[in-house]
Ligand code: CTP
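To begin, one chain is listed below as C-alpha cells, in the form predicted alone.
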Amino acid sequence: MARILVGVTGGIAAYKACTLVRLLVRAPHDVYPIVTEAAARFVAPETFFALARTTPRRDAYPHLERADLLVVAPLTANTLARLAHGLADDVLTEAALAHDGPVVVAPAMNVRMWQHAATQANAEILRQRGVVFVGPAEGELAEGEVGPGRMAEPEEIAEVVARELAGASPRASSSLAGRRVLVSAGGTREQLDAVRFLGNRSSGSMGVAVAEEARRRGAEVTLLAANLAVPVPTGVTVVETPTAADIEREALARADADVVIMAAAVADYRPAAPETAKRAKDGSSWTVELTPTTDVLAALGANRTDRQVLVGFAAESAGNGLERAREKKVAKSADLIVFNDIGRSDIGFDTAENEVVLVSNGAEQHIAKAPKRRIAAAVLDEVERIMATR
C-alpha cells in the first residue's frame, strides 16, 4: 500500500477525480485529497475525503504530508504554469514543491489553451523534470470545441500511477532495454499546390504512445513524426517527416534498428504534378492525377536484418479487413501487423482509445477496447515475445 496525494484543480473534469480516488483506494492505497478552492466550486472537498475514507488534516502543515506519489487530476493550464515555475500560492502547489517522489499529471483545458506555445513550454519544463503526463485526450470539450484537452479517463490515470509506483522494475526487466527502436507516427501530407494538400485524419497519438512505452522500457527511441497533433514524449529523438517521401528516406536510413514499428498513416498516392503556386478558384473542375508512393513497409521488409522485429499497422474497414491484414503481414515480410477497424467512430481516429487484433506468426490476439497507452503496451509485449524466440 502506497501513500498517494491526489491534487484536484478547478475545472469541469473535477468530477472525474472522484472515480480516480475510488480506484486508488480500491487498489488499495492510502489516499489524501488536496482540493483547491477553484475545484471546490465544482465538487465539494467532503466528497473526496469521503471517497478516500479519511478526514482533513487539522494541523498547519498539510502541504508537508509525506507521500510516495503525487497525482494532479485534472491539471488546469494555470496550475500547470505554477508547477513549472515553482510558485507556491496554495496548498497544492506548496505540496508539489515539498514532494520528492514521482509526479503524475492529467491536463484538462480548452484545446487552444493546451496548444498555446506558453502551455507547451511549461509542459516541456515539467517533462524534463520527470513529471509523467497522461493525456490530454482528444474529443469534444465542455465548451463544444473538439481537439486535445479532455482529461484522460480515471482508469488510465490509475494504471499509470500503478506503473510509476512499481518504479524502475519494468525498465530493468525489459528485453527492449538498450535496443534501438524506430517508430513512425502521424499522417503524411502530399502537396497539391502552395496551400493545399492531400492528407488523412491520423493525429499520431497511437504511434506516440508506442514510442513513449518503448522509451519507458529502456529503448533508444527515434520517432519519425508526420504532422503530429499530440506532444511527443521526452527522451526520444524526433525527426520531422511530413511527407511520404520524407518517411521513406528517414526510415530506410535507419533500417538497421533492432525494432521498427511503422504506425504512421503514410499516403499511398501523391499528386503527379503538384502546383508551386496557389491554384485560383475559377469555377471549373480540377482533375488531379495521382501516382503511387513507395511502399515503405515493403521496402523495409525486403531489406530487414535477420534479428530485426518489423511491425506494421493495418487501418482497414470491417468485413475483409482482418483478412487483408493477414495478407499484408506476408506481403511485407513483417513479424507483426496491428489491425484496427477504421469503420468504427469510437476507436482509432479522433479518440483516446483503440481496439486491435495483433496478427503475428501463427497467432492472432484480440486486444479489447482500451486507452492507446494500454494498446501500445500490448503491442510491445508481443514484440518482446517475438524477440525472445529469435
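Residue indices: 1-based, along the sequence shown. For clarity, every value in this text was computed on a predicted model and none was experimentally measured.
There is another form of this protein, the form predicted in complex with the ligand, and it is not shown here; the text below is about that form.
Screening 90-98, 71-79, 282-290, 259-267 for residues having heavy atoms within 4.5 Å of the ligand in the model of the complex returns a single hit, 259-267. The shortest heavy atom separation between residue 326 and the ligand in the model of the complex exceeds 4.5 Å. In the model of the complex, the ligand sits beyond 4.5 Å of every heavy atom of residue 181. Under a 4.5 angstroms non-hydrogen atom cutoff, the ligand in the model of the complex lacks residue 135 among its neighbouring residues. Proximity of residue 316 to the ligand in the model of the complex falls within the 4.5 Å heavy atom cutoff. Residue-level contacts in the model of the complex: of 155, 240, 295, 140, one residue has a heavy atom within 4.5 Å of the ligand, and it is 295.
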